[in-house]
Ligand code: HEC
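Starting off, we have a lone chain in the form predicted alone, written out as structure tokens.
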Amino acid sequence: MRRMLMLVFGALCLAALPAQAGGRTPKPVIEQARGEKCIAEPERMRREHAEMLRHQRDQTVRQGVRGEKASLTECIACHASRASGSVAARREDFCASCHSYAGVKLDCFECHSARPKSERVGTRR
């Protein structure tokens, strides 16, 4: 099951690239990240981001390790849309675009905020 999910996600991320001239299948357009460089190459992130986040989640929840490079908070801070301030508020936002294209449920934001801390309304600073 896990391998199947990884294959589906890999296909999803490859599909996230813009359509080539003359291509028949429209692809989601992904907004450029705010940061200078991601924690890994795009090909690796497309294949393994879910596993990286899951691993970091386990370290954070079970061991109290915070501030690591595969942090959901850091990903959101870098990839939040300039238009919506979120990674999942609109269908065009970073996370939502690939997940909706592939028909994969995006459930991270049922519990987590899809906006960087600096852009949340009513956030204590």
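Just count from 1 along the sequence shown to find any residue number. Computed from a predicted model, the values in this text were never measured in an experiment.
Omitted here: the form predicted together with the named molecule. The next part is about that form.
- The named molecule in the predicted bound form is approached by Arg34, whose closest heavy atom lies within 4.5 angstroms of it.
- Remark: Arg66 counts among the residues lining the named molecule in the predicted bound form, judged by a heavy atom distance of 4.5 Å or less.
- The named molecule in the predicted bound form comes within 4.5 Å of no heavy atom belonging to Glu92.
- Although the partner is absent here, Gln56 lies within 4.5 Å of the named molecule in the predicted bound form, judged by heavy atoms.
- Contacts of stretch 74-109 with the named molecule in the predicted bound form, defined by any heavy atom lying within 4.5 Å, are made by Glu74, Cys75, Cys78, His79, Phe94, Cys95, Cys98, His99, Ala102, Val104, Lys105, Leu106, Asp107, Cys108, Phe109, listed in sequence order.
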